[in-house]
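The chain below stands alone and is given as structure tokens, in the form predicted on its own.
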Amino acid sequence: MRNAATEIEHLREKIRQHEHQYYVLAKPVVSDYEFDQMLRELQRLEAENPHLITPDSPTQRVGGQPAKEFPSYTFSHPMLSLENAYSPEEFADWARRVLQLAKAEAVDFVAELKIDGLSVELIYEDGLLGKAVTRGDGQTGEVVTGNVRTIRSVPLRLHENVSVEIRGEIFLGLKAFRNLNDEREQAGEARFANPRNAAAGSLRQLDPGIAAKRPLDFYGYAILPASPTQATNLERISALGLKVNPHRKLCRSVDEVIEFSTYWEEHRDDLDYEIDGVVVKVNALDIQEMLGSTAKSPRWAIALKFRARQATTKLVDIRVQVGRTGALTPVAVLEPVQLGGTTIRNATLHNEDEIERLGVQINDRVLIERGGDVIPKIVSVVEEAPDRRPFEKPIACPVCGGEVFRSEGEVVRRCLSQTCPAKLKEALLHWAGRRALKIDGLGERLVDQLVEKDLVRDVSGLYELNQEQLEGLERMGPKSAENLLTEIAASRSLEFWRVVFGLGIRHVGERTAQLLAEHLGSMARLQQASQEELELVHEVGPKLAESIYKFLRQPENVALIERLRRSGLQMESTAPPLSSIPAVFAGKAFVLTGTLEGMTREEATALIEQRGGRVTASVSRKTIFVIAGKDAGSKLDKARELGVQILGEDEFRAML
């Protein structure tokens, strides 16, 4: 008879094997029912023996509280962007430069498909997934470990107990993307523009439970420490238990690379994910090191991009959309045309200046372009129509008839009316979105009715709605009305930063709202801050500071914030503002190793960075402190060898 610990570990190993067979090798050997039964049994045993739960258990893929923020992380080696070649001739020129710099007559290349996704780095310590970081600016990324742990093709434990950094691409398959958009449309939510946006939105969810509902996937393409060749690097990643794209080729010549690229440009629609080219790397790492890198790109790798998908069609009309900030955006209405498997009916025209630059007029035949499933755009006029007519710049808002104005230095006109229904509708949808106050069920159709029936005049009006008013709307029965009121009530208790983001201040995105809330701590403090004080907030420059400052001093916005305060919305953060936390770790580099018992690595990283310090992946002579938890690995030995000060968790807490 096995004891609980033995049975739990036995089940974990079986489940890991089946996850690898299903999500990595795509060769399941048990039915979904049998797999679910094993997972349920493991959950039962762990519930009875909570002291035996470990971070790498298959039950821990979705767990923990939603994150309050995404801590930043500095890479041990920069994640550089790639130089692009847009034709076989440009690629051949690049290859010639490689040969000249390498002083070689020939080199081998590895050609891999360029997936249109998001680059991330997975950091494993002693075989366990410790951290997952987005590419960010290439030097510093955001820690999104909780969300990446939900991706089934990313193992929580490698096949070997090694410490490695694995880089790869996270993406959403086309079938999964279509299903997700159908679900969002049914829920009254905006559709994602393309799979890449959907994947990015999933990774930036503060609640891992939301990311877990979206079937993201992962392919690895680089590993540190590296093997002698790129081809063996890919084999090494696969041997450790991660997916590597099977469509790759070791090429002995430029012609072989071009042949590989041409084939996949013609067969890209056979894949269930978007690709926009082929990544080509010099195979031998010693030659890579010889070639080195520029400040932005490695000299030993290049992206051979596919031609953009193009088609010609008629420009039927140009209509003007009004956004929540009042921006008037011209949109091309097209005669429907097939492009890359999708029917295209509209294309962006960006602004009036773009229309003039293109010289396009209504009824012209135009060339449209769509690369990697992004929103189509008009490239040029193919044929001027005999009955062509120019776009008339709006002298009034097309929705409310209010005054429009184009500020000096801006490329868009804006509606100045504070009561414009179009602005109000967009503001309500923004407020109710998942990234803001998360009011499920408040979709476009319902918002249209609330505005048209004058039930809501700004976002604070949502908190004055009652059951009777909602039941009087189309498709709103008693239960639907009750559910919506429950969602609205629940939004009162959401984090303060969501209120800041929900207000729709120009240029203030989700990340900036979080930084403002963390730094200043409350709405009162935010409203009192000068432009100079706002510029002290990380990532806030002069233009953004001015936008925030002006917004918070407009009388109608001051009144709106007061109404939201009276409605019970959160107007301050639960944590003390960062401006009150002394920068005791300024300039100090930390390394974390092992398992901390009282906090996660992400929490420890956030505490260090809040106090001015930074966390790095590897121990060097520049490291000031190594924080060693349970089962610390080779980094602890390295710290001892270099004489770096080692802190236990209690000592670290004392320093805090």
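Being a predicted model, the structure only gives us computed values, none of them experimental. Sequential numbering from 1, following the sequence displayed.
What comes next is about the form predicted together with ligand IVH, which does not appear here.
Tell me, please, which stretch of 273-281, 317-325, 136-144, 499-507 lies within 4.5 angstroms of ligand IVH in the predicted bound form when heavy atoms are compared?
Checking each option against the 4.5 Å cut-off leaves 273-281.
Tell me, out of D364, E518, E426, E169, which residue has a non-hydrogen atom within 4.5 angstroms of ligand IVH in the predicted bound form.
Comparing distances to ligand IVH in the predicted bound form, the residue within 4.5 Å is E169.
Considering A226, L465, L80, A308, which brings a non-hydrogen atom within 4.5 Å of ligand IVH in the predicted bound form?
Contact check passes for L80.
So in the predicted bound form, is ligand IVH close enough to L113 to count as touching (4.5 Å, heavy atoms)?
Although ligand IVH is absent here, L113 would touch it in the predicted bound form, with heavy atoms inside 4.5 Å.
Check Y221 for me: does it contact ligand IVH in the predicted bound form (non-hydrogen atoms, 4.5 angstroms)?
Because a heavy atom of Y221 falls inside 4.5 Å of ligand IVH in the predicted bound form, the answer is yes.
Any of the heavy atoms of F177 lying within 4.5 Å of ligand IVH in the predicted bound form?
Outside the cut-off, so no.
With the partner left out here, check for me: in the predicted bound form, does some heavy atom of S119 sit within 4.5 Å of ligand IVH?
S119: yes, in contact with ligand IVH in the predicted bound form.
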